[in-house]
Ligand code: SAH
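One chain is shown next in structure tokens, namely the form predicted on its own.
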Amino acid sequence: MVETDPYSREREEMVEFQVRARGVRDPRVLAAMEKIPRHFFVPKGFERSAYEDRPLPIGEGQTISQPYIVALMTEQLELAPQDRVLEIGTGSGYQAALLAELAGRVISIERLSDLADKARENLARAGVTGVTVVVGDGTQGYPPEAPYDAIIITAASPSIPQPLIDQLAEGGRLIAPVGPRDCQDLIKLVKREGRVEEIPLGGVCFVPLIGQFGWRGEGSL
């Protein structure tokens, strides 16, 4: 870790009482969350709140998701060390940092260039490698690196963008919140023989996914 960490106890308690206690069991996910300094990925003044189980603002109308939801979505991706992962919605970079601990390569797409710049800074500060942050419309995916073993969408879409399904590898997993702008259903898709199986994971509330295959107009990715 690049800097002295004053929040190691808070991070251990977050993992034990907010994540493990609520049913997340994958030891690699738990270890990654114990390692990555979440307070590096929130704005100044919010460091002490970084380990509370709630979303926090990160600027530009965006939020960093609560730890439990991050852990749940990450566990459901079932990542292997050699996997190639596509993240839609970089935000502050925290989710990408966790993915980089668990997979071989991470491409993360952020619509807002200022957030993308800040995410790169946060990732560098945390000593995270293996993440490429791209500015663009995440609903179109990122064909140059496709296919992906796993895709995670960290904003709410009215439906799963077809380009992302197309860029998912055989046997690949996709996690996304799908539904209206206010609250959504978290779903998991598994691609088998060119078709997708849908698995419901419960209700969630995310900021909207803006893009050609998401929500249109003013809003947030």
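Quantities reported herein were computed from a predicted structural model and do not represent experimental measurements. For every residue, the number given is its place in the sequence shown, counted from 1.
The same protein also has a form predicted in complex with the ligand, omitted here; what follows describes it.
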Quiz item: Can any non-hydrogen atom of residue 145 be found within 4.5 angstroms of the ligand in the predicted complex?
Solution: no
Quiz item: Would residue 118 sit within 4.5 Å of the ligand in the predicted complex, counting heavy atoms only?
Solution: no
Practice problem: Examine residue 88 and determine whether its closest non-hydrogen atom to the ligand in the predicted complex is within 4.5 angstroms. | Solution: yes
Quiz item: Though only this chain appears here, would residue 64 touch the ligand in the predicted complex if you measure heavy atom gaps against 4.5 Å?
Solution: yes
Quiz item: Looking at the ligand in the predicted complex, is some heavy atom of each of 55, 177 and 188 within 4.5 Å of it?
Solution: no
Practice problem: Choose one stretch from 150 to 158, 23 to 31, 44 to 52, 191 to 199: the one whose residues place a heavy atom within 4.5 angstroms of the ligand in the predicted complex. | Solution: 150 to 158
Quiz prompt | Members of 114 to 139 lying within 4.5 angstroms of the ligand, judged by heavy atom, in the predicted complex | solution = 115, 136, 137, 138, 139
